[in-house]
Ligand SMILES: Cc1ncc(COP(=O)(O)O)c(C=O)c1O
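As structure tokens, one chain now follows by itself in the form predicted alone.
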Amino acid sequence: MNTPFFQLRWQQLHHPALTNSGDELWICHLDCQVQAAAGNKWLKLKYHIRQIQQHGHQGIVTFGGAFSNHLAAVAAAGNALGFTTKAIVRAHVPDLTNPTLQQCVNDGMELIFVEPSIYRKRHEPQFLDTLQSNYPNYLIVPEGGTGEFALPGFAELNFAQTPNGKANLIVCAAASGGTVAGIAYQQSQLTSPCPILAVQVVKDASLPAKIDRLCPSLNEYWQLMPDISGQKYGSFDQATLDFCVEMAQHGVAIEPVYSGKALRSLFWYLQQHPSSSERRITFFHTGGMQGLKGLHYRNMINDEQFRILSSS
């Protein structure tokens, strides 16, 4: 279902590796009028925003790191739709020249910087109760937007239905687990569900349990595989960066922290698991392209790489 606010955009990726394996790969983009909320960000936020609108909340309080795509999306959505946003930001030293936080401030978000030791309490009931008492008219949204209100947004879209017919496999990146849970929930509503392969881009042994808590008894619909780079969350290796630059030359814009890791791992998976029959695959692009500015700011990508990845 497309709306004036967001649009699904399908892009078939033509690549020699896919030609050799006989696989048909479709990149599913979710474009949004609020550009920072493209991809999975809008799907996670939609029903949180509906909650504050229906219950008369003043706005949202949420959590994130200094280069968080989630914070950028919440701030941009608040600015566009007219609600107040506040963020508990994990930072040793506040740096408002950071392009992500700078944009959050420009979009009207109030930033509350805390030490990592305090930030780690963000899941504790006592900490959340105190936060709610300090901001009684705000909806507290978990880090990454991953919570019970994240799932319904995914339920409205069938990621398996490509322009060329039904996919045999849906692939996405997995970090906090909300996207995997959301797609699993959506597929579970169908008479002919499509399996989900989620590439884990974080080193978090508890991730399967997190997904299971979000969508209990639906683990038959999804499986996790590790990112082949072996890098921790927020990091990437040279091979993944080179892969993203190569994909840009094929007209696919991806970043190396989430979708780049996941798509590269998918290519490896297809090589390691050849099929005797043709496969049609959906790769859901989770967005987060604003993060390229932060990578450039921290000298994790150079000027030329930034130009290529940003313009593809």
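Residues carry their position along the shown sequence, with the first being 1. A quick note: this is a predicted structure, and the numbers were derived from the prediction, not measured.
The same protein has a further form, the form predicted together with the named molecule, not shown here; the description that follows concerns it.
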query	finding
Proximity to the named molecule in the predicted complex (heavy atom, within 4.5 Å), stretch among 107-115, 91-99, 173-181, 76-84	173-181
Heavy atom of Thr282 within 4.5 Å of the named molecule in the predicted complex	no
Contact of Asn40 with the named molecule in the predicted complex (heavy atom, 4.5 Å)	yes
Contact test in the predicted complex: Gly287 vs the named molecule, heavy atoms, 4.5 Å	yes
Exercise: Thr62 in contact with the named molecule in the predicted complex, heavy atom 4.5 Å	no
Sequence-ordered residues of 257-277 touching the named molecule in the predicted complex, heavy atom within 4.5 Å	Tyr258
